[in-house]
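Okay, here we've got a single chain as structure tokens, the form predicted on its own, with questions on binding and movement later.
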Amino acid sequence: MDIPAKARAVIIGGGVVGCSIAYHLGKLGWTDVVLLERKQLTCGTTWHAAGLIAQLRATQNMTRLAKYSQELYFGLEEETGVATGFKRNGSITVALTDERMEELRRSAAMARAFGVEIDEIGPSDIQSRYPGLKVDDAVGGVWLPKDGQADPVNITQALAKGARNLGVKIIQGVKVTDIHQADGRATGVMTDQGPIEVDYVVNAGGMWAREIGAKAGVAVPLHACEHFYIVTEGIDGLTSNLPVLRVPDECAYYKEDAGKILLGAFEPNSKPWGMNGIPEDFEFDSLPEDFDHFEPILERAVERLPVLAEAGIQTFFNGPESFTPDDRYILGEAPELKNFFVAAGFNSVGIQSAGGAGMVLAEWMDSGNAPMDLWDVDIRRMQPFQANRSYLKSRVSETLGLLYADHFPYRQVETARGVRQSPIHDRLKDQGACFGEVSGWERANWFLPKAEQDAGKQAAYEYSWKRQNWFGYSADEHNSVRNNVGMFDLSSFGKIRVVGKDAEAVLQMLCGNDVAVPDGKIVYTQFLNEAGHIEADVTVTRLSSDEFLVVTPAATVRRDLHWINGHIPDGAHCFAMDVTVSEAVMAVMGPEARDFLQPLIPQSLANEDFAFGTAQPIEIGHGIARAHRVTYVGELGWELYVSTDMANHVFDTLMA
């Protein structure tokens, strides 16, 4: 099939996700859509997926999307005539420790709240549902009767046929070599068979998505890792239609199909692959075997399911899967380029996620806004530096294994840390800070008292489902701020300057509150979309007649900057820029905040001179700053905005 000269949308990538987007755009009446696949449909990672279909995800909306995928796959065969192999044989997750069982109990409670059918079961129930499984060391488990499994290739082919039936063109053997753009928006693609002029581009390139994004100047932080599984030969007497089995404490999952067992693993220390790019000729390929790497998983599996000891291995498979820095996939319009959408990095849950992801991305493209809260997977949560290959190699070596790790509350990633630090980071470290990470920022989450530091104790998390090891330290900090005074480092606050003679008019259009206020006034407000739904929760400080400062959480600064820039009218004299790193922020809060600060600042902090919700320039120590009188602790307080070059001096002045 020849490529067209023009199309409304081009989808890059013919895996299950790309075909789902094509299908759902067709359902919305987008017939002028072209899907381009560099080789053949499913030839990247879809073809070798295990095909496990689960409903329960970490949040309500992600669970809604997973449930939608199930329902879609269940009806695709009738709609398209292509069998998907989907069957609801249920799933069991087994806990071997009290900690894991506590996690499963909490997951079960959440599942019921989300409308997912789930039962807590004991070892005898596990064994009755999975004959031959060793359960004498099991604490318990959960049973999800509506989970199942399917054939990934057939699901993709069914979606592709459904898309074709709706008028979508699917063309194989065409490689996209460049992304055309003009005036900040995607305008077309160049292929090895010529250009296509488009209104929308969708990057569903799987493990190639990072390189495709780079062609458009878009950061897509994902990296391939080696993923291992074996398939046994036929096992005589094996019970048919066994449920999907997960034993996360042994990093293993099991799938019965046609009298054979597929045993796969999500090991703690994975093997990143493709650091120098994916080979040009990669198509239905596998990676070299590494039996030594997989052997510990197999040894435990043989003890868990003894029938494996006598089974021959038909296939030892090692294939790449793409993983992201936070184990959540990447979806939505890229903040760097209008009308360039991304759906990639599915962290080995692409089959169960593809239906829902394709549906919401198509609706997003059609309406201009996300149809539901998709912040969990929104591309705008990602930071540009996270597309750094060295960073990704380090981080994904951990994130693959985190899929089956204990998901303790407050658990922190351990790899690729220390990339973004507050100017006063080392000062806080010296004070006994234990740091957590948000959007790459190292942030002091709690402090170890000096007496315990002197006794040799380390400021570190000891993970638990029970009372945290830092609970007492946090309580002391809370009481100090509630009854006296405390200081917080809020330097990671996202800071966006909106400047120009039309800046007020632009913000008035975006904000629910009135920002036509005097210089120095702080306004707490939300950004609202056309439907009146909340897009951001921010403060807006008027610095001068044509300059405003928007302060937002560290994690959402790219989203909020994208929202502002996307709504500045053509020809308006207004621009917005991220100035987060230009200023440190030290918040001094508590009922004694005024008494503490006033000796350090010559300007009056009295109510009549410095009202709540206002900002003023101040002198502090030998430096200058801008003080914002706001508080989030229910007590008196000021945020001190200090240029990064003076931050340590101001910190030392406060702590002297």
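Only a predicted model underlies this, so the values are computations on that prediction, with no experimental measurement involved. So that there is no doubt, residue numbering starts at 1 and follows the sequence shown.
Just so it is clear, the following notes concern the form predicted together with a small molecule, a form of the same protein that is not shown.
Stretch 34-42 is the contacting one of 594-602, 61-69, 34-42, 627-635, since its residues have non-hydrogen atoms within 4.5 Å of the small molecule in the predicted complex. In summary, among the residues Gly356, Pro243, Gly188, Gly319, the only one with a non-hydrogen atom within 4.5 Å of the small molecule in the predicted complex is Gly319. The contact residue chosen from Ala536, Ala433, Val349, Cys251 relative to the small molecule in the predicted complex is Val349, the criterion being a non-hydrogen atom within 4.5 angstroms. Taking the partner from the other structure, the small molecule in the predicted complex has no heavy atom within 4.5 Å of any heavy atom of Ile424. At a distance threshold of 4.5 angstroms between non-hydrogen atoms, Ala587 is out of contact with the small molecule in the predicted complex. Contact between Gly51 and the small molecule in the predicted complex is found at the 4.5 Å heavy atom cutoff. When the small molecule is considered in the predicted complex, Ala95 lies well away from it, no heavy atom lying within 4.5 Å.
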